[in-house]
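Before any questions on how it binds or moves, here is one chain, the form predicted on its own, in structure tokens.
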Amino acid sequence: MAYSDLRSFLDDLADDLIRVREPLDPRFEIAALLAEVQKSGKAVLFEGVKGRPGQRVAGNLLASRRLAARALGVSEDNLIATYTARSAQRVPPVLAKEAPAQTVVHRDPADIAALLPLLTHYEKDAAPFLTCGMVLARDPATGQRGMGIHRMMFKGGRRFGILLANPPLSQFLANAEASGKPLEIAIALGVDPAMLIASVVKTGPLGPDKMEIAGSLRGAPVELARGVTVDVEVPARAEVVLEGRVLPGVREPEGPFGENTGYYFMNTSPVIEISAVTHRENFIFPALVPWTADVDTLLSLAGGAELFGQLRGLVRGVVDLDIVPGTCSFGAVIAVNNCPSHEVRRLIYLALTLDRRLKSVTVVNDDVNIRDPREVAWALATRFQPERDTVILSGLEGYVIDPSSAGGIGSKMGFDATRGAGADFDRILIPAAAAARAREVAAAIST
């Protein structure tokens, strides 16, 4: 099923949606509840916001693989295969006949905080931050469209600081600044989950249009509308859109901010000046709390599936890959079948160098459930010898938000926890028929 917008996704969730009727404060309380219930794997809709009558907030939209599978209309078992197949296709966007996102228009807003329930997440955050704003722009040099999720610090009035650490938007800004011009952008808030996933897909400088990937993931073209004050096309069915310009040559302190690493991070970053805020009637404001299962699922699906597709084409026997929850996308587990030791070592080198975020990777056989931490720990405990099976790479580029990579230089490590040749690895198993019967009884007991 293709979801045309965030509302249709929420309406379809039924028991996978927690409704919170008590108005909570956008300063800490909403983020705290989202973090508290993340283990449920359910999305949350706040039907009231303290001090903001009529406004709503939705979060934990991808707090589990189950929700991600629902977002793409597939089963959990087929999630990675479906994502990989669809993301290789292209469904171009179309011009919308109507744009609910532009039902209400505020030009030259004096104070964004008076219009939107900007969220403050962690205790020492310097200000409210936008954490799931999908930033859209066009390269002034080529006209290429780009989009990505970039954190934005509210600086008061109509200004935000924006961390542009990743391409293509960082390059777009450099091209605009080379001409002494601002970079026109739009920030879409509250889009359907497939579009959110597509926005964090890694593509090369001349890679595919992420809007086309979003169309393929959702199974229908994205409807776009022309911006009200900028020459940027925006998702017509977003809940809220901010339009503005990244000011050329301007850099200001941004942060501290509680990052996806679980630590605070500061930077000197570009500044956005907002020229318009548009939104739907009774808009739903999106929340994405850093260092939660919500972020884990988003990055695992987009980044992990992309890396899996690359590795599968380079190394024979790669069966599955998962980004380890809680590792800030710095850790991965890969399952292989009939992959000799020298190929496992090559696989480790490739994984650690293809994805600059990865800092550690563990390779196991496909009889290990890579999404069960107990089974991965068991493989490491019984199939891995540190001196023989550890690969260390040093002197590499560290990831910008990794607090341990001092000076921007880091190291990486791989663990070969596959069965060694000639060793006795006859795993204990319960007969399949008995296991199936046990599952039937367990399901009956739980209902």
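Quick caveat: nothing in here was measured; it's all calculated off a predicted structure. The first residue of the sequence shown is number 1, and the count goes up from there.
As for the form predicted together with a small molecule, it is not shown, yet the points below apply to it.
In the predicted bound form, the small molecule sits beyond 4.5 Å of every heavy atom of R312. Taking non-hydrogen atoms only, K210 approaches the small molecule to within 4.5 angstroms in the predicted bound form. Taking the partner from the other structure, the small molecule in the predicted bound form has a heavy atom within 4.5 Å of a heavy atom of L164. In the predicted bound form, H150 approaches the small molecule with a heavy atom inside 4.5 Å. With the partner omitted here, the residue from R86, K202, R371, R159 that has a non-hydrogen atom within 4.5 angstroms of the small molecule in the predicted bound form is K202. Taking a 4.5 Å heavy atom cutoff to the small molecule in the predicted bound form, the contact residue among R138, R346, K155, R356 is R356. Taken together, the three residues N260, L288 and L298 all lie with some non-hydrogen atom within 4.5 angstroms of the small molecule in the predicted bound form. Shown alone, this chain has one stretch from 89-97, 356-364, 220-228, 314-322 that lies within 4.5 Å of the small molecule in the predicted bound form by heavy atoms: 356-364.
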